[in-house]
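Before any questions on binding or motion, here is one chain by itself as structure tokens, the form predicted on its own.
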């Protein structure tokens, strides 16, 4: 798989649902029912952040037990993270920014990467390396919708997944932009709902989120 194919695959993944849930899962036992709840609500693409000690275990369990789910590893900060994510069965990776080590490691293990960019220079640098699908992070504190509109003019060939400060109240505004293919957010799986094992509530939130694209395209 070359970089073009990896980028094409990532774009296809991002188009599967308007929202990618960004998850922090403290208990590995919650991994499968949480993934199943999100998938039941129409959100098949899931990002598990590497902010807990058991994150790779969560990814492995989700990937092995949810055939419809596409499980990604978020917060990749090093080449070691990339290798561990691949071993755990992640289908894609997400990074808040980029380093040459991360890019090289993802290419080496053939892990499609959604790399983070916050400035036009970073967007241009990634585009020059073949990454036309990027994570705009931190979105809201980095200019949000206005910034993405400004970037779209000179760089219309880049598609974004804004993450960071994206909520149920502003997600539709982001999705209405031509250069936004999906958004990432944690509101669809609140920590209190996960802790309470309220999977029905999470499915309901996911269902609302998965319907956002239909509204944005009308």
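Numbering follows the first chain given and starts at 1. Keep in mind it's a predicted model, so treat the numbers as computed, not measured.
The discussion below concerns the form predicted together with a small molecule, not included here.
Candidate from 186, 36, 170, 54 lying within 4.5 Å of the small molecule in the model of the complex - any heavy atom: None of the others qualify; the residue that does is 186.
One residue of 46, 182, 166, 59 in contact with the small molecule, assessed in the model of the complex (non-hydrogen atom, 4.5 angstroms): Partner contact (heavy atom, 4.5 Å) among the options: 166.
Interface stretch in the model of the complex with the small molecule - options 171-179, 38-46, 60-68, 158-166, non-hydrogen atom within 4.5 Å: Contact criterion met by 158-166 only.
The small molecule contact at residue 137 in the model of the complex, heavy atom, 4.5 Å: Contact with the small molecule, yes.
Contact flag, residue 22 vs the small molecule in the model of the complex, heavy atom cut 4.5 Å: Yes - in the model of the complex, heavy atoms of residue 22 and the small molecule come within 4.5 Å of each other.
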